[in-house]
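We begin with a single chain expressed as structure tokens, specifically the form predicted on its own.
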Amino acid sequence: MFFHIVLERNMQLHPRYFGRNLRENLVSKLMKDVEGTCSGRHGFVVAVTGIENIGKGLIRDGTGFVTFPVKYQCVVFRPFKGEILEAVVTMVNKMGFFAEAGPVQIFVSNHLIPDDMEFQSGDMPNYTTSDGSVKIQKDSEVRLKIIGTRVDATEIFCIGTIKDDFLGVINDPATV
């Protein structure tokens, strides 16, 4: 799920960036430092959408760096239990498969894959139905349901299932 939230961060800036473009330099450093990162509490920061406030800078003793408190708006992505996502399969093995939905990696165990699908080993490992009509392999697009998440300080891991109505392969690269 995507959320638009307000976060705060203390930004350190080298004195060489002071001058007329101080605000632009702070904003570009903020975007470079924050976009694409993950905090376990808020999720993955997708994009900084605006700056609400830049506080007064404090000079760091001995270094000349200045620390500015910055309050900014951003879009974050945080998956939740029960959420339905579309993801791209990145790896298939006999234990199940891994898929990615944006920055989140999701594991789907073979126990959470429909019973009529069998693992096929070979140069392109996959899960195939008994009649061969549906195949899950690398680069397949699947719709899955998140049944569990684990949040670390800098990463979010998910467990998913395709053993439910309207879940499974939505686009197979082998048929294109």
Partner chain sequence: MSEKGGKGASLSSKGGSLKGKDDSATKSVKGRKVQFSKEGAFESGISSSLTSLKSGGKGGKGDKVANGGKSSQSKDPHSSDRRIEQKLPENIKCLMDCEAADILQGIQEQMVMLSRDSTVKMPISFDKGLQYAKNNSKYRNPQSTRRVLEPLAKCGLTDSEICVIGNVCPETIDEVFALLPSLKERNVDRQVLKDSLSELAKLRQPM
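Treat the numbers as computed from the prediction; the structure is a model and nothing was measured. Numbering follows the first chain given and starts at 1.
Omitted from view is the form predicted together with its partner chain, to which the following refers.
Visitor: Is there any non-hydrogen atom of F18 lying within 4.5 Å of its partner chain in the predicted complex?
Guide: Residue-level check for F18: no, no contact with its partner chain.
Visitor: Do V134 and its partner chain come within 4.5 Å of each other in the predicted complex, heavy atoms counted?
Guide: Because no heavy atom of V134 falls inside 4.5 Å of its partner chain in the predicted complex, the answer is no.
Visitor: In the predicted complex, is there a heavy atom of its partner chain that lies within 4.5 Å of any heavy atom of I59, even though the partner is absent here?
Guide: Close contact is absent here: in the predicted complex, I59 is far from its partner chain, nothing within 4.5 Å, heavy atoms only.
Visitor: Heavy atoms within 4.5 Å of its partner chain in the predicted complex: does G64 have any?
Guide: No, G64 is distant from the partner.
Visitor: Within 1-23, which residues have a heavy atom closer than or equal to 4.5 Å from its partner chain in the predicted complex?
Guide: Stretch hits, in order: M1, F2, F3, H4, I5, V6, L7, E8, R9, N10.
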